[in-house]
Each structure stands twice: as structure tokens, then as C-alpha cells.
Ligand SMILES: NC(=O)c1ccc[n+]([C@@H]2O[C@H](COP(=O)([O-])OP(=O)(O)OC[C@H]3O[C@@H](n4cnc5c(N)ncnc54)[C@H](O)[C@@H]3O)[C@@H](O)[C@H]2O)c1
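Before any questions on how it binds or moves, here is one chain, the form predicted alone, in C-alpha cells.
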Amino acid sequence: MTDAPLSIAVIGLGARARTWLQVIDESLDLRLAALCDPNPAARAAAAGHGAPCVATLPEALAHRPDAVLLCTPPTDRVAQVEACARAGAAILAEKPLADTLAEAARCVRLAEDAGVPLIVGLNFRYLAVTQAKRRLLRDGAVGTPEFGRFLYERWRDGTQPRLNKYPLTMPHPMLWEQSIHHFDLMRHVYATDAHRVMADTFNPSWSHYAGDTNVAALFEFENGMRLTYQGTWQGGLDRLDFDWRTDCTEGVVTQRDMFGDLAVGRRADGALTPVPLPDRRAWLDDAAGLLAAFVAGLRGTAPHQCTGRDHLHSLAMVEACIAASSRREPVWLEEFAALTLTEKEQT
């Protein structure tokens, strides 16, 4: 593949696409091949980006893009992935890859059978705070992680015009749309997969979402790490509270803001020391980092990251939480191995 900019078609021109379009416009590695949305108003709003605006995926693929960015709801992803794979276009799909683990696994197999890269848009891996925390724990700055807590409390008014509306009717919007990011970060930062979970999901009386917006869970990971998780989209205060703490054999690492506020302390210190982080543009720099990694994978200058195959292990955590809450008992992640493992791993 040459060093010339790669062409990319953006499918779905809703709220999330606006961020992606700004990042693509700033990129020297990508050029827009087509923009696609069935809504004429959405196409009109995106017309200023200088690419053909079309109504259907086949029309977008007719422009022969090198890659396709799926900013669509997860419900119809199998058909979209199949069409892109048939056209030979690399795929970057917004998370979650699908709204069930089985459908996501089908997407992965379709892409693998076609030899087409399938990457999932897990942009929070590319935050400077995430990368710094992963290095701290990998390098053993305060020993080996053994337990932690992850708190995410937010009032998310899903009726606001700037937000996508499909989460309002999802059975488990918090898990599928928000917690999936957190579960991926746990796996990425701790470099391990979940082994077992106990969980409860529910919806407060004032919620305007149809499905459960509250999740409480206790995860045990394959390396023995344990983490308590509490997440809500319908908190009682209109603000975002974020607190991720990891207790290690020799100290603690804390993150008290979704985009920063990282600190570390050894047990004898009695206080935390802030970890310096570079300036960042929330939502934009992390998306740019993800796109740069996507391009590097396509050019062959770096391994593919955030693959659909890897994403299945995070989606299994979502489905395990749902099962644990429904059954009122612990669930072992090996129950989902048939969907998360490759055929070679299963044999």
C-alpha cells in the first residue's frame, strides 16, 4: 500500500460522526470517499466536507473506498459488515460491534473469511491517561495490581438533540453503550481477561430509558485481579463522576477524571503524587490516535489494534453481567468461549 492518503467512506452521519469527520478532515493519511445516511437532513448537514453524499451503503461502496467507518447503530451491523467485506473495504466500526455477542462473532467471522481487517472504535484506549496508567502498572511502579474499584456516575439525558436516540429503547443501554468502554479499558490496562462476574442491573424510577441504566458488578480476572464496578446513566446529579482506583502490592494508582487526573502513591508515602500528562482535546485526540493506529495497521507498519476478535472478550463481559443479574448467581466467562475463541483455539 502506498503512502498516499487512504480513502474512507463514513456510514451514518449522526452525533458521533461529527467528531469523526473533524478528525478525518485534520488527517493527512485519509481522504473522504463518500458520506452516507438515509436522512436527507443529515446528508445536507455534512455536505460541506467536500465528499459525495449518498443515501445507501451500496452507493457509498460504489466509490471504492479503501476503508469504511460505520457510525451506525449496532442493530444492523451483520449486513453492513458483510457488504463491506464483499467489497474488500477495511472496516472501522463504532462500538459495540453488534447488540449481541453472537451477532458480533458473526461479523468477525465474515471479515476474517474475506481477509478484511475489522477494527472497533475503542477510542479511550488512546487517551494519554490510559496509556500512562497502563505503563505504570506494566512497569510495576507500585507492585502488582490485586484489587480495585471503577465508578462512573452520570446523568445522561438521552432526549437531547445532540445525542443518538436508539439507546433510549435498548434493553441494557448502560452496558452496551457505556460499560463496554469501561470493560475494554479494564482488559487493556490490566492486560488480562475476565474470569467470573457477579452482577445486578436495574433502572431507577425516574429513568427515561426503556432498559436498565444501572450496573453493579464484581469481576474476577484470570490473573486473580478483582474489581468492583458501579455505573449509571441516570445519576441523581447532573454531572459526571469518575473514579478508577487500583490497589497494588506496594501502593495505589488513581484516576479521578475520565480524561486525566492520574496519580500514584506508595504505601509509605501517605499521599498521592500527580502523574504529568500532555495537554489534550477531549474526544478529538483519542479519536485521532485510534485513526492513526487504524491507518498503521492497514499500511502494515504496525499490528492491528482493537480488533473485532479482541472486542468479543469485552462483549462477553457485557453478556455475562446480563446473565448474572438475571440468574442471581455468579457467571463464569468460559460459558461464552465458543463465541470468543477462534476455531483453532477451540480445537
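In this text, residue numbers run from 1 along the sequence as written. Quick caveat, the model's predicted, so the values are computed rather than measured.
Omitted from view is the form predicted together with the ligand, to which the following refers.
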Item to complete: Could you tell me which stretch in 223 to 231, 188 to 196, 89 to 97, 127 to 135 has residues with non-hydrogen atoms within 4.5 Å of the ligand in the model of the complex?
Response: 89 to 97
Worksheet item: Is there any non-hydrogen atom of Asn39 lying within 4.5 Å of the ligand in the model of the complex?
Response: yes
Item to complete: Report whether the minimum heavy atom distance between Pro204 and the ligand in the model of the complex is within 4.5 Å.
Response: no
Worksheet item: Is there a heavy atom of Ala337 no more than 4.5 Å from a heavy atom of the ligand in the model of the complex?
Response: no
Worksheet item: Taking heavy atoms only, is His182 within 4.5 angstroms of the ligand in the model of the complex?
Response: no
Worksheet entry | Selected contact from Glu177, Glu103, Asp247, Asp212, since only one has a non-hydrogen atom within 4.5 angstroms of the ligand in the model of the complex | Glu177
Response to the item:
Note: exactly one of Gly260, Pro74, Gly148, Gly158 sits with a heavy atom within 4.5 Å of the ligand in the model of the complex, namely Pro74
Worksheet item: In sequence order, which positions of 8 to 45 have a non-hydrogen atom within 4.5 Å of the ligand in the model of the complex?
Response: Ile11, Gly12, Leu13, Gly14, Ala15, Arg16, Ala17, Cys36, Asp37, Pro38, Asn39, Ala42
